[in-house]
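We begin with a single chain expressed as structure tokens, specifically the form predicted alone.
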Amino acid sequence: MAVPAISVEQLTRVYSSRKGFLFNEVTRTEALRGVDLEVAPGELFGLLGPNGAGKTTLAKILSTLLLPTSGRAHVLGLDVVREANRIRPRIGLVLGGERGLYYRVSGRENLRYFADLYGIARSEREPRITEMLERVGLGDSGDRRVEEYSRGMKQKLHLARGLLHAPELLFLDEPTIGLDPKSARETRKFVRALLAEGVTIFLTTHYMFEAEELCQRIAVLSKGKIVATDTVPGLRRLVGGDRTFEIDGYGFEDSELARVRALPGVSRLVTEEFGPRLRITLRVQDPQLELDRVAQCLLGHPELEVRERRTALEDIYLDLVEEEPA
């Protein structure tokens, strides 16, 4: 049986801070609260969660940048606390945003610096740098100063840096945040190519479509806890199936909502206000339930709109996060 690329058991991380006039009040913030997860070698595993959910904290612990408060975490079979020095040469980390680069020198010179940090032999350094610049689409821009790069180009340089030493496991923390659609698409294409080469990828993001497009399995993190882990089809089954109905209209009565909720196969009903209009969203398990039957429960609403669509990962995410207890 293959050793998991990542194995986490009851991991916690607590941040302490002092406040008050004499800084004698200590506050504790639980960023992670008993996280369990496992990632297989060669898998592209996604971690979803809102800002502040603990995604970056978990990624930093797994990449040996931050110590856990309690629990256990192993990366490539090695303990992140006791064997961090053995882990670091075998992993890569790519953070979203523009920090972590040296702006007054060229992209190539940035990679030379990091190649020396990674311990890449001088005889291999220049060919490897040229190869990585070409792979990320910076072959013609490698000798320009990074301060002249667009945000998308900087993110490509981050990718080149993270892959320079050919890591077995790559951590991608919000890799497309702030990128224009073309650059984000190119980044996702590059990630798929890495997966095909056998690189294990741990992706943190809050972009639902990106996770659905790329990830083989997904964990949803909310308030420091994993609330679900599965494939996208498995997560759809968890929240009530592939089918989602949306009903838009005015002036729905509580009795009407109760009739809709009681229809066979309706596993969840959520209402949202859009100005004077109300939207009813239904998660539907029964393949026999038709839109007409739903509309019959809401007679007398002349501007009623009823439609069906496939349950999206965003629906699943909102269902799971909303149901997570405080």
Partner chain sequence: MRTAVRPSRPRAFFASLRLSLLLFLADPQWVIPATIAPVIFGFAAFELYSGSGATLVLYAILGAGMMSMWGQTLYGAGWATSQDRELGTLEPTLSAPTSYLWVVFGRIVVNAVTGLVGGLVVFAVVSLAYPHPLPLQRPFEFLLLFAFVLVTLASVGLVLSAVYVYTRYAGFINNFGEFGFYIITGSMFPVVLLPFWTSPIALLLPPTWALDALRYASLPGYVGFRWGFVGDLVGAVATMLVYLTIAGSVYHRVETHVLTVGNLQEY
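Numbering follows the first chain given and starts at 1. Bear in mind the structure is a predicted one, so any value in this text is a computation, not a measurement.
We do not show the form predicted in complex with its partner chain, though everything after this point is about it.
Segments offered: 207-215, 107-115, 250-258, 222-230. Contacting its partner chain in the predicted complex at heavy atom distances within 4.5 Å is 107-115.
In the predicted complex, its partner chain lies within 4.5 Å of some heavy atom of A166. With a 4.5 Å cutoff on heavy atoms, R161 counts as touching its partner chain in the predicted complex. Taking non-hydrogen atoms only, A121 approaches its partner chain to within 4.5 angstroms in the predicted complex. Proximity of R268 to its partner chain in the predicted complex falls outside the 4.5 Å heavy atom cutoff. Taking a 4.5 Å heavy atom cutoff to its partner chain in the predicted complex, the contact residue among L278, L66, L291, A40 is L66.
Only one of R243, H74, R188, R128 comes within 4.5 Å of its partner chain in the predicted complex through a heavy atom, and that residue is R128.
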